[in-house]
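Quick heads-up: it's one chain on its own, the form predicted alone, in structure tokens.
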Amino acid sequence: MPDTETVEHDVLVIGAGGAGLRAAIEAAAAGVTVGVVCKSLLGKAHTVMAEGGVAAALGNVDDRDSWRVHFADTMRGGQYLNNWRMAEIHAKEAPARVLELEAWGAVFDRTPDGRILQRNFGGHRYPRLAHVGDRTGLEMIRTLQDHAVHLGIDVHMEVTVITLLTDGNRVCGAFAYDRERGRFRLFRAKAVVLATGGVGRAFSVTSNSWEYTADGQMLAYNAGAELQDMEFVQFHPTGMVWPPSVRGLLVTEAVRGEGGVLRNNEGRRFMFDDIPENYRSQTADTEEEGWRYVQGDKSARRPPELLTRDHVARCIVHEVRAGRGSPHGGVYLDIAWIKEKLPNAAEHIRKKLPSMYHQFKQLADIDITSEPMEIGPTTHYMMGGIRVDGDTQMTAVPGLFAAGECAAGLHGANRLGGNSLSDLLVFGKRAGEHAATFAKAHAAGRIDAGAVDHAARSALVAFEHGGGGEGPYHVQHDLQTMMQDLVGIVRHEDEMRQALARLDDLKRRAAGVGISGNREYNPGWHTAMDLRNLIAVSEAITRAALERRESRGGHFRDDYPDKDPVFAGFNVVLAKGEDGTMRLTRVPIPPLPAELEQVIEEQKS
């Protein structure tokens, strides 16, 4: 195509969130040329919305913590479907990555003796989350961004990648367009790292940014990589439910970590009603014990509000369905009640939760220091994603790596809060390191001009349809509503079969969407391009959810409400067949090594 600009890098990183920036920094440190492509502006990645903290067993608040406890917590939270090698690496390396971030200038909250402060979070046995108030992700991005700029890494802002290019079976580049002018760009690269985040925009109620349209997952899938655990979508229990303009906006788990409690419309703390057996020994029996835990009493057990996110979300849905919900379809999250315990409660809340205080005050005219918040589950995180090697983060496609939320394995069936930010640091570093090693060992591949031309022509089809085609926003709205209703937090086979049929129709409609105007910053065009990935990832989620005929972690089947041991031994893996259809297989999980089995046994009491 005549308006295509060509750019060359040894390593191309797609995504500029925590994983992408950490990968780029590590690759650049290895001495290769690095380019970072981001859909938005540098510094605007969705990582900035991660509020509560980064999980790492530093042991600064409770010296009983260690990588062994963190590993066991992660495996238990993931219902043992995790890639155990990734869980081991993550637990062992997270502390070093946090201290490294501190050395690069990150300013964490401090203990009285000057160490990094750590707070409680759901599913973590001890206070483990290093934090900066409730703005931890923002501090992480600022620090990584400054470090990357200092290293002189090239950044291509407001650029969307359309397809990965391959030479034989290895990756050799990417084809993209810039969102401002609409011009095409061809990136030549010896290795590519995908760090594009999640899929939340496939659902109507989500905490995710507009960028989360499954780009990385489907780029990898179409290039020949496998997807894993796509049935496991995490619905964060606490998103705003009122007013409608902010429905789904995240309310950090740190509110509960600082003493916030969940109540139904009767004023009762309903989370005490249903405590899973495998967490009973670690969960408080009384409200008083729960309060002592959040105040740092090492002899107390955590309150049930700090159980895993999947469980808390389902308990909220149960209350709403039983008619005990709030006026706008949620329940109440109350941090104001701590005034009964602390004389300076309002000041304490504003200090510990500054973003939450301003978010509710400005967007909902609610003062969280004096009244409860209305909250409900929101599509938040994707445990599934691109299948990678646990040590190197390389996919089944040579030279193609993935890290962060777009990659699968670490979290299994359910992610613990705070593990996402340490995931970005630990596996972003590893992906960048091994991508650089691959780039040094391999010459550049050959770009297929025919594949580039096909990608360009395919990208412009919606312009050919013009105003006569259906608008892409209508298709997107119908897709999101359908996925929320039929493949959401509670699933049933009949509804998911309906969803598959509806997806066939949505594919047809998406192929016929039309847009008017030109290519210069045309949001309709951008939406039309996003639809391809959103529809494909919705199919992957639905097919995997149909296959897993049980309830486990973030996946709950109304028609199969219990865990089935038959489904405990494999991951559901999807790949693109030669005929273009989605092929599903069950891949057995390798047995735990004896030493890691022993670690889990040690932590069961």
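Everything numeric in this text was worked out from a predicted model, so none of it was measured. So that there is no doubt, residue numbering starts at 1 and follows the sequence shown.
The same protein also exists as the form predicted in complex with a small molecule; that form is not shown, yet it is the one meant from here on.
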**Prompt:** Would 495, 503 and 572 all count as contacting the small molecule in the predicted complex, using a 4.5 Å heavy atom cut-off?
**Reply:** no
**Prompt:** Can any non-hydrogen atom of residue 37 be found within 4.5 angstroms of the small molecule in the predicted complex?
**Reply:** yes
**Asked** Heavy atoms within 4.5 Å of the small molecule in the predicted complex: does residue 74 have any?
**Response** no
**Message:** Taking any heavy atom pair closer than or equal to 4.5 Å as contact, tell me whether residue 230 reaches the small molecule in the predicted complex.
**Reply:** no
**Message:** At 4.5 Å between heavy atoms, is residue 32 in contact with the small molecule in the predicted complex?
**Reply:** no
**Contacting member of 432, 123, 412, 404, with respect to the small molecule in the predicted complex [4.5 Å, heavy atom]** = 404
**Message:** Using a 4.5 Å heavy atom cut-off, which residue among 408, 424, 241, 220 comes into contact with the small molecule in the predicted complex?
**Reply:** 424
**Prompt:** Looking at 207-215, 480-488, 282-290, 81-89, which one sits within 4.5 Å of the small molecule in the predicted complex if you count heavy atoms only?
**Reply:** 207-215
